[in-house]
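The chain below stands alone and is given in structure tokens; this is the form predicted on its own.
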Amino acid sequence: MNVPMILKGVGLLAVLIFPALGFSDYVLHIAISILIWGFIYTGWSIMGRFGLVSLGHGAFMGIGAYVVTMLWNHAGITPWIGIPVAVVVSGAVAIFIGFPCFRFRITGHYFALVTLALSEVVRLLIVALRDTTGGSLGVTPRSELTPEVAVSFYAMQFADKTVWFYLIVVIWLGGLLIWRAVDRSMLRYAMEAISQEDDAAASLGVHVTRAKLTVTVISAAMTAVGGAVYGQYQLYINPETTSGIAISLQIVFAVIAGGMFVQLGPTMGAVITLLLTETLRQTVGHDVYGLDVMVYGAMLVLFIIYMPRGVLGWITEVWSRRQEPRPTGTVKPQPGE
């Protein structure tokens, strides 16, 4: 009996029937947010699991959100076209940053610093172009919804959260399929070899720069899609919630907490972080400024020290150990027998 496959099937069924269970719009909103962030976190884990630690994915999320919104607000271009444009732009930025880094072997801490700077550059650029982007005050995508019109497919706007839920489920499942495709491809073995030693991998015929760029572009594109969908769902974006250092660090923490080496680990990270945020907001509110950041920091340290593979990674590891057959051993004969 394939227990993991059965659990995945039951989990997928539970997700699909979730809106039919009669929960309030608030609960549906939390579920939709978990799926959106789970998709974004999955995108980051595609490169993070191979040692390419990016602290700049807030840049790609910001590109996705703002490119789609600006095309819609200023040119009337539907988000269904704007999202592919945002993917192309984010991919171009990923190549622009990644190629010189990988070509000249800027990896590890230095690569993390470069991507961190990229995230802040994008945030500052959004703020500087305030006449177009709304600056630090943010911007609202032009709404096509009215009391008489609850659905605008062209504008990708839906008043019913159930419609949003199933749309996000499709996107989230697409992210899991991409993760699985990378995990089962030769790219995975190439990146695992590269993460151990670049020169050794190159000597075996692995094109190091191309492999790194491939996973980086895939990761950036997925994050841009997540940012675009987030902006369309929220109908409001600003530099602090879609780009910058804070968002980049939030992505890294959530993936580490959930487990970057397991397919559903990033989604588990979204569950942990969003439920934690909502719990703090409901119990403490804004009485203690910066409490959520302090809790995030403390939990990140604890996870890195005591649970480096994340919650779901730890559960998978424990399950695997229990499934291993125990050695029977042999009875050592005693002297004289």
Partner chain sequence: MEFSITDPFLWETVIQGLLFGGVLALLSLGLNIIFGVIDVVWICYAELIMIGMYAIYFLYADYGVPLPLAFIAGILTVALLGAALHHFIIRPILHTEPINQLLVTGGVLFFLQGFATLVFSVEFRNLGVSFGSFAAGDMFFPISRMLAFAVSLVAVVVLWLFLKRTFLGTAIRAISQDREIMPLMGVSPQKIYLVTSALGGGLAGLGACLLVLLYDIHPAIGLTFGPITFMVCVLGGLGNMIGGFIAAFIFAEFIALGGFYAEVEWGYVMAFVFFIVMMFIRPQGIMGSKS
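Being a predicted model, the structure only gives us computed values, none of them experimental. Residue numbers count along the first chain shown, from 1.
We do not show the form predicted together with the partner chain, though everything after this point is about it.
- Heavy atoms of no residue among 156, 220 and 224 are located within 4.5 Å of the partner chain in the predicted bound form.
- Under a 4.5 angstroms non-hydrogen atom cutoff, the partner chain in the predicted bound form has residue 130 among its neighbouring residues.
- Proximity of residue 100 to the partner chain in the predicted bound form falls within the 4.5 Å heavy atom cutoff.
- For the chain shown alone, residue 70 is not a contact residue for the partner chain in the predicted bound form, no non-hydrogen atom being within 4.5 angstroms.
- Shown alone here, residue 151 lies farther than 4.5 Å from the partner chain in the predicted bound form, counting heavy atoms only.
- Here the chain stands by itself, but in the predicted bound form one stretch of 92-100, 78-86, 262-270, 166-174, 92-100, has heavy atoms within 4.5 Å of the partner chain.
- Along 45-59, a non-hydrogen atom within 4.5 Å of the partner chain in the predicted bound form is carried by 53, 55, in order along the sequence.
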